[in-house]
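Just the one chain here, laid out as structure tokens, in the form predicted on its own.
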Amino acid sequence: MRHKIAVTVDCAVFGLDQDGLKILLIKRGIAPFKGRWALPGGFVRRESVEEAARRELKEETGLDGVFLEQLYTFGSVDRDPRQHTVTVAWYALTHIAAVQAATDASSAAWFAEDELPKLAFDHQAIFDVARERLRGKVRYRPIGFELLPKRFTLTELQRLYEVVLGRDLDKRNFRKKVLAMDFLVDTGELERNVPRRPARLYRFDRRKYRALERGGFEMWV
């Protein structure tokens, strides 16, 4: 008898708000693990694994066009009680927005990274790997900008890196290094409606970053 292996995708989606780093979960509406929280994902159809990941994100949470990068392949024979299933895991970064559950998800919600419920399948292991990948990747690629609004202050940028790395950064040193990278653009605008002196707003210039990337450089953290 031929041994059949199914292929799925699972996505660890990170967001950031005033309370810290969040992970997007869906509550499964079908067996197995019906009613259990899980990472968004599903079976691969006649499509690439990246197309499957983006389709599942849109179908189960309403998210579309987010930063998405392949993470790792998980293939333990007992990870899915239905059959031997190999999953290609991804991690995604997005500015936190409202999400809408659909297809086989009964609901979708953001959870604090350190307050996750018991997850279905081996999704806790997938999350753990994704969290470490994010922590390592921000040290040499500016992917953290995907977690910020289009315009942001240097304080917001520093807080993002402190949250992801799990440690405090020296304010003066951080600002000196990040501005020296020359892919932040001063918009000429200031914050509005804040109970203090308004800070300058910046944006990320992807073209300048790609030029630096071709020449080779190291990040500031």
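Throughout, we count residues from 1 along the sequence that is shown. None of the values given here were measured: they were computed from a predicted structure.
Beyond what is shown, the protein has a form predicted in complex with a further copy of the same chain; the following relates to that form.
Within 4.5 Å of some heavy atom of a further copy of the same chain in the model of the complex lies at least one heavy atom of G75. The closest heavy atom approach of R135 to a further copy of the same chain in the model of the complex falls outside 4.5 Å. The closest heavy atom approach of E189 to a further copy of the same chain in the model of the complex falls outside 4.5 Å. With a 4.5 Å cutoff on heavy atoms, F43 counts as touching a further copy of the same chain in the model of the complex.
Note on contacts: among V49, L169, L160, L184, the single residue with a heavy atom within 4.5 Å of a further copy of the same chain in the model of the complex is V49. In plain terms, the part of the chain that comes close to a further copy of the same chain in the model of the complex, with a heavy atom within 4.5 Å, is 80 to 88 out of 146 to 154, 80 to 88, 109 to 117, 123 to 131.
Along 2 to 17, a non-hydrogen atom within 4.5 Å of a further copy of the same chain in the model of the complex is carried by R2, H3, K4, I5, V7, in order along the sequence.
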